[in-house]
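Quick setup: one chain, the form predicted alone, written in structure tokens, and binding and motion questions come after.
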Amino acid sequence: MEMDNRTTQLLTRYQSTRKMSRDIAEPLQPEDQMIQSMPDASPTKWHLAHTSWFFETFVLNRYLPGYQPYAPEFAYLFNSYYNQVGPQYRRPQRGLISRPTVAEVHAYRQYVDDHLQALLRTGWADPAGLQLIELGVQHEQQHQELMLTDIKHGFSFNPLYPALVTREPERGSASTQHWLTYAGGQYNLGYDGPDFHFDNEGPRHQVLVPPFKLAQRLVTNGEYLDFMADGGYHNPLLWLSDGWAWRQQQQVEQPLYWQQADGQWQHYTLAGLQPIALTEPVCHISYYEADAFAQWSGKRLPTEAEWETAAGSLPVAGDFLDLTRLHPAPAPAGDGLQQLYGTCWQWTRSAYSPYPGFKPAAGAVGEYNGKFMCNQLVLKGGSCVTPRGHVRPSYRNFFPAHAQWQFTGIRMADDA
């Protein structure tokens, strides 16, 4: 039996996604792929294995008759948080898993690839199974972003400041910040369509949005330096109580990866240590820092509903994953909203909580999103290391308020 068009397209996406993961890891040495610089990060090798475990566990074990797992013990090593599937190795100690080797992990990936592609080429087209493969592709794209943010965090501790790419510093001047005004009213929030979306993006529902303003572009390094020079990190009146406690406990004085040498600010990038470019968007900012900057500016952060309303039907285009760059670019010249997609994830002031009528998917995959709906904030838009085609207006990323190691930036809002 031949594959139908849907299955053929899915196989193509699967193959290109798996190749991208290999391309991300290709310039890394085996020693690099063992690094785990904090409990929230994972070694590159673990990401490569875990994404294969996902396909093996949720697709091959269920749908391929007679399938034999590559190594049964991998079910314990590379399960992330799926309690219904089984126990997991402790997340903070993933960097201690020296075996299997990187070569063995790649052999595991090839084994999974061979079997999954063979399954699809039989003409098998179980609707639930195909949905799980699509979920696995989207899941691996999320881990591609995490591979890059995690290796960047790990490399930042190395005094040699290793570089994955060669990149010229940006030149040019930042445009004056302009504001766009949006009428209030009843708007639809969430996804409602035939294509893939995560369960946390629905159900689509109506929300009341008062009139608001949104900044045309993201906040730049130059603007953030003004905040720092004005004592922004030392004025408790600008900070949330939890944020001020975090700033003091962690002794935070500047964005993550920034350092000063001979009176000049520099930051670690995946192109090594680079001078701060004033026109680039400030990046690796926690929610606490973003909120304090907005307070200092006399503005605020947008709500999720405001951001999605402003996005409307605008095209999903921007500064997405490019393995030759891996760094946010300055806003281009032009009218309308700039840097809406790609560049930097944009903090909103909205809690990550379920939409009215939300129900997680049945079974273990229901643990994917719903159980994290507590003590997290919603981020929108994607970043410069988000794979192209992965996000949409309704896409809901989420992180705790203190998180800095993702490519997170600031877009300001105001009441109209």
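The first residue of the sequence shown is number 1, and the count goes up from there. Predicted, not measured: the structure shown is a model, and the values here were computed from it.
In what follows, reference is made to the form predicted in complex with another copy of the chain, a form of this protein that is not presented.
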Task: Any non-hydrogen atom of Cys374 within 4.5 angstroms of another copy of the chain in the predicted bound form - done: yes
Open item on the list: Is it the case that Ser313, even though its partner is missing from this view, gets within 4.5 Å of another copy of the chain in the predicted bound form, heavy atoms only?
Closed with: no
Open item on the list: I'd like to check something about Leu96: if you look in the predicted bound form, is any of its heavy atoms closer than or equal to 4.5 Å to a heavy atom of another copy of the chain?
Closed with: yes
Open item on the list: Quick check on Ser353: any heavy atom within 4.5 Å of another copy of the chain in the predicted bound form?
Closed with: yes
Open item on the list: Based on heavy atom distances of 4.5 Å or less, which listed stretch (189 to 197, 278 to 286, 234 to 242, 137 to 145) is in contact with another copy of the chain in the predicted bound form?
Closed with: 234 to 242
Open item on the list: Between Gln250, Gln117, Gln177, Asn158, only one gets a heavy atom within 4.5 angstroms of another copy of the chain in the predicted bound form; which residue is that?
Closed with: Asn158
Task: Residues of stretch 57 to 90 in contact with another copy of the chain in the predicted bound form (4.5 Å, non-hydrogen atom) - done: Glu73, Tyr76, Leu77, Asn83, Gln84, Tyr89
